[in-house]
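Below, in structure tokens: the form predicted on its own, a single chain.
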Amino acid sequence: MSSIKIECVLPENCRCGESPVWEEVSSSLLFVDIPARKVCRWNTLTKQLQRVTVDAPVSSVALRQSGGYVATIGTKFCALNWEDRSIVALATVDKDKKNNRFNDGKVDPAGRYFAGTMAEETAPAVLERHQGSLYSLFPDHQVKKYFDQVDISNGLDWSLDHKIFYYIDSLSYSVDAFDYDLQTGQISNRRSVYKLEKEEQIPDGMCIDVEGKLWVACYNGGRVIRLDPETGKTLQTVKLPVDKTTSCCFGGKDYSEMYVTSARDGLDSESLLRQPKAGGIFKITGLGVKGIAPYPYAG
């Protein structure tokens, strides 16, 4: 086992950093700060950090095949042109729920942008329950709603053969799986593949590695865990020097580095003294496994 190294590569003090995505062409890490309403792009070679501020909480960002990015802003799926900082709404959801916003989102292997909603929090992880739904934005900008009654729609990814969709509704403390039809984007047969242990706290963002194992960031648990979705067992736990680890993705030139986002909101002054790097972006090397490149939105 190679020795694992954890470093805070960007002390950004995010209120709630989320949705890390590796952009190979520019060797950059994209991420968002949800309540600060910022989409960020950090070039790992030049160390230059750029930010675009938007007009509502921005909860996820993804690559776009035709150039630029897509993002979930408020309750809208949006296109983001980085060059001129312009944003175009592609679709709006939850029009009847004024207190809702999107949360985590990710693009499937066919180029559909999946993202779910939740009620706006009154404090971190404190909110009106069962207000969210899961959606996807198809390449033709049509929106499909999958199910509702969601608490905090969170981490998502697909198995390497694209036949399983993995999904986290945080307050269920479970990583769930669905059968997935890549041709149609249909999901069925929901089941739990992993229940979090008490000390692991709240499951948040998630990604998959080249061996088909899942990595889950544990909010309030200060760790990322590696799971085997077939056996339901934890294979590895990597603890970070911050409590509110929010999401993770693989990146670097061969996808052997893991980037982890974190949050500061909800930490009292004593906790912040104990973890001054809360809200920073962390890089983990030496995991001994690689990830896969993110899929771009096809619309």
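Just count from 1 along the sequence shown to find any residue number. Small disclaimer: the values here were computed from a predicted structure and weren't measured.
There is another form of this protein, the form predicted in complex with a small molecule, and it is not shown here; the text below is about that form.
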- Task: Determine whether any heavy atom of residue 133 comes within 4.5 Å of a heavy atom of the small molecule in the predicted bound form, and answer yes or no.
- Result: no
- Indicate whether the small molecule has at least one heavy atom within 4.5 Å of a heavy atom of residue 100 in the predicted bound form. no
- Query: Taking heavy atoms only, is residue 204 within 4.5 angstroms of the small molecule in the predicted bound form?
  - Reply: yes
- Query: Is the gap between residue 170 and the small molecule in the predicted bound form 4.5 Å or less for some heavy atom pair?
  - Reply: yes
- Task: Among 108-116, 174-182, 83-91, 146-154, mark the stretch whose residues have heavy atoms within 4.5 Å of the small molecule in the predicted bound form.
- Result: 146-154
- Which listed residue (29, 260, 70, 34) meets the criterion of a heavy atom within 4.5 Å of the small molecule in the predicted bound form? 34
- Message: in the predicted bound form, does every one of 12, 240 and 243 come within 4.5 Å of the small molecule, counting any heavy atom?
- Response: no
